[in-house]
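Just one chain is shown here, as structure tokens, and it is the form predicted on its own.
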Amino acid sequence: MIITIDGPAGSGKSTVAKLLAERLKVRFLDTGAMYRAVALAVLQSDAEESDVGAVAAIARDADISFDNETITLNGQGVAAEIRTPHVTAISSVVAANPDVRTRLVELQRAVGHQGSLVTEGRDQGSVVFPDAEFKFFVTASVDSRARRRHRELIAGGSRLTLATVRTQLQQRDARDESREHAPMKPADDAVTLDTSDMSIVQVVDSVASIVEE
């Protein structure tokens, strides 16, 4: 059984997907972490994120894997490193590279072939797992998402203002929605949930009720 949860940055999809996987006792795949790992590999190299060919080569050569929800890059755990502001700043640029997406889609499908899982991202239901049994698109207003992301960043020691976070989200949305290869959009048969006025628990309960029925 494959359950896909797509949506924009700050919509809560990662937390919802992880909690749902725990409830259903299946694996959780954080595809955003995979793109962040490629972005980290780019930063560790001499390549520019705008160099399509160089970034594609880095993605092809990178050894990215998950072990008990811990992501590794070339044999090293990078769970903390991929959440830094520098990685965040270029991850959507890297994700827009069609060759990077092709490579990571291969890896994601390989994980799906290993058994049931809940996977989250921006194109899981529309591109990666078009035959998934359950598809959800989790969204929220940009103001709501900005507040959530700002709280997370402040808790992590960031000094970014709420206005800056909001602008960054709008820019990320524009890139994700307008990219030529696998743009962010709900799958035709996905259930869309607006979480602007919902708690994470309420969202998980809503999704779980559909799956369990």
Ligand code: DC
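Predicted model only: the values in this text are computed from it and were never measured. From 1 onward, residues are counted along the sequence shown.
From this point on, the text means the form predicted in complex with 2'-deoxycytidine-5'-monophosphate, which you will not see here.
Contact with 2'-deoxycytidine-5'-monophosphate in the predicted bound form, defined as a heavy atom within 4.5 Å, holds for exactly one of R148, R179, K185, R27, namely R179. Checking 109 to 117, 83 to 91, 138 to 146, 70 to 78 against 2'-deoxycytidine-5'-monophosphate in the predicted bound form, the stretch whose residues place heavy atoms within 4.5 Å of it is 83 to 91. The candidate site formed by T31, A95 and Q124 is fully in contact with 2'-deoxycytidine-5'-monophosphate in the predicted bound form, as each residue has a non-hydrogen atom within 4.5 angstroms of it. In the predicted bound form, R172 approaches 2'-deoxycytidine-5'-monophosphate with a heavy atom inside 4.5 Å.
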